[in-house]
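Quick setup: one chain, the form predicted on its own, written in structure tokens, and binding and motion questions come after.
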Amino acid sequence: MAPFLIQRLIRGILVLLAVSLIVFVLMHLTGDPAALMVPEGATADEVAEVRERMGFDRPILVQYVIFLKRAVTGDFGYSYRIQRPAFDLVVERIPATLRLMAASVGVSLAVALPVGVIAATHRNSLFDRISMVMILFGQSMPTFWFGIMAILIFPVRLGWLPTSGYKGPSYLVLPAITLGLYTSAVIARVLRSSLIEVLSRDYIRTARAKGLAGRQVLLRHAVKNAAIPVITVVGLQIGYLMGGSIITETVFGYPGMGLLAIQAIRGQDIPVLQSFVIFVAAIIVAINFLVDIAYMYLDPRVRYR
């Protein structure tokens, strides 16, 4: 187990290095960072002075090594817009985004698990067919469109929920449902397919032949073995939630990391954007690492080389 975990940890570090290199190069292809840091109307000499002071006149490889050394300590430079440490701005928004992601995952699992289990145990029934249609609808619907429709219906027409910002749990309802709708459809579809396959295995028939109740067979034998691909999908969907939070937070004006990233893109705030992308990549790598550990816990037969 230990060699496998060490190998996965090394791979995760290499992924973060690759992400940092790609982000660094792409951000510098957008233009001269020194020109973005000086006020409007600055002379060429003033821009050259800033470029020299910040080290932007050095070779790009040297700049990347300096950037990497600072990034390891959480130093991504200062925001061009606010003149505050870029990573601090991202850290301030982490709690809000984590609240939204936790609520979205809760919505996804609350919908996907019962729907997937019932659809699998009642295959080809009316419920199964209706749920498959709803799953297709949920996977096909753009997040931003559903968010806008939700705002027009519930806050504007019915006056039930707030439209934007965050001042309490009620402000999480619509963003969480909007963000969790797609992931719930994916998880339910995978759970249904996996559970149908597991229920046809020989050990399930043996358990039933021994006289175990249907609920015991389902919960103790079928669901646990069907959960392995579901955990994979849930881990992958964390990455989708991180990316989808950018759109969702923008639509609902939710003060999280996604909204900060959009503001950084509009203002060409390179340090903030770099710190956001690398931080999100680190979260996704960590989630994938935890998913690998969960594999070994759920199925001891799994052996990694």
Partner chain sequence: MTQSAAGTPSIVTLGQINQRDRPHPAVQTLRSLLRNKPAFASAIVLIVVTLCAVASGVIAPHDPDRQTLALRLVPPAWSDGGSWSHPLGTDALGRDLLSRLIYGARVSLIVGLSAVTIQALIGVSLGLIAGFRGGRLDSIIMAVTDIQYALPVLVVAIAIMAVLGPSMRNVIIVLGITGWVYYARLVRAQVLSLREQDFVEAAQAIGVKPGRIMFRHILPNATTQIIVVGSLQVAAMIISEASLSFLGLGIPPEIPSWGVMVAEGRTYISTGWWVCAFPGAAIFLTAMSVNLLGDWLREELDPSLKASGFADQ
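This one's a predicted model, so the numbers in the text were calculated from it and none came from an experiment. Numbering follows the first chain given and starts at 1.
Just so you know, the form predicted together with its partner chain exists too; it's not on screen, but the next bit is about it.
Chemist: Might Q83 be said to contact its partner chain in the model of the complex, defining contact as any heavy atom within 4.5 Å?
Modeler: Q83 lies outside the contact set for its partner chain.
Chemist: Please run the contact check for Q139 against its partner chain in the model of the complex: heavy atoms, 4.5 angstroms, yes or no?
Modeler: Yes, Q139 lies within 4.5 Å of its partner chain in the model of the complex.
Chemist: So in the model of the complex, does I287 come within 4.5 Å of its partner chain, heavy atom to heavy atom?
Modeler: The answer is no: I287 has no heavy atom within 4.5 Å of its partner chain.
Chemist: Taking heavy atoms and a 4.5 Å cut-off, does G243 contact its partner chain in the model of the complex?
Modeler: Contact with its partner chain, yes.
Chemist: Can you work out whether its partner chain is within 4.5 angstroms of a heavy atom in all three of K69, V173 and V272 in the model of the complex?
Modeler: Result no, not one residue of the spot touches its partner chain.
Chemist: Any idea which of 85-93, 165-173, 110-118, 231-239 reaches within 4.5 Å of its partner chain in the model of the complex, heavy atoms considered?
Modeler: Heavy atoms within 4.5 Å of its partner chain in the model of the complex occur in 231-239.
Chemist: Relative to its partner chain in the model of the complex, which residues of 128-166 have a heavy atom no more than 4.5 Å away?
Modeler: Read in sequence order, the residues that approach its partner chain (within 4.5 Å, in the model of the complex) are D128, R129, M132, L136, F137, Q139, S140, M141, P142, F144, W145, I148, M149, L152, V156, R157.
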